[in-house]
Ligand SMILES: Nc1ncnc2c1ncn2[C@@H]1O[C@H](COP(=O)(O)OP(=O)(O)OP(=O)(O)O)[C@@H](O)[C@H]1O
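Next up: just one chain, as structure tokens, the form predicted alone.
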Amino acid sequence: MAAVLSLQDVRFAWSAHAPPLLHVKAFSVARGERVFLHGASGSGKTTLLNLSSGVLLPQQGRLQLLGHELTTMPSAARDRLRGAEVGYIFQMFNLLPAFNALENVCAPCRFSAAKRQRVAAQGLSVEDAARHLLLALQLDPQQLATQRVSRLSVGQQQRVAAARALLGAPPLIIADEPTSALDHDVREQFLDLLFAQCQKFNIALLLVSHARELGRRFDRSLAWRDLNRAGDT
């Protein structure tokens, strides 16, 4: 199965004189695969995600997203590729507080023609696709249309953030500690809903968390200490 994301001998440090924070010899995520990465907070997992999406570049190694070598691409080209092919669920959700739920979900399609085209291929408008996702994630888009997201519960905000990442069926979803603020039952329900949407559109999911017990839900579970060899260099 073709890799959506591939890292080979990737090394990263914050400066030329700083010790290496990250050294990943080999790591990949296949199309439609659900991969869980667990490790302590502050250990460098978020840095890996930022490298994987081209926000950061390594000092060494190969870093490919859908076959595109990110390390040789100009910054603007990386931004366009990330906007078109990656959905991101942030730990703090990063929703636009002045907008309602539907407006937040639709926002990525304003900046990505590729996502708009994939929505159109489903025979839907962007707004209708957003409504379908909100409903699939057990949110009523009509009820939320008059409410700013800042007035929603944490669980509701989390599902709005997931719908935003899923809109336009990007090949890869990256999720950074998306369940850290949820209790057990809400967390399990959220994962059920997220997995169902990823399976429906054959979306790969890379999720990082310090909550090791989540790994049982994924196709593959990796410990950060086993993936990151920075301490060996």
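The first residue of the sequence shown is number 1, and the count goes up from there. Here the structure is a predicted model, which is why all the values come from computation and not from measurement.
Here the subject shifts to the form predicted together with the ligand, a form of this protein not shown in this document.
Across the options 64-72, 33-41, 183-191, 161-169, residues that bring heavy atoms within 4.5 Å of the ligand in the predicted bound form belong to 33-41. Within 4.5 Å of the ligand in the predicted bound form, a heavy atom is found for none of 11, 51 and 229. In the predicted bound form, the ligand sits within 4.5 Å of a heavy atom of residue 21. Contact annotation for residue 210: at least one heavy atom lies within 4.5 Å of the ligand in the predicted bound form. Contact check for residue 59: every heavy atom lies farther than 4.5 Å from the ligand in the predicted bound form. Not displayed here, the ligand is approached by residue 47 to within 4.5 Å at the level of heavy atoms in the predicted bound form.
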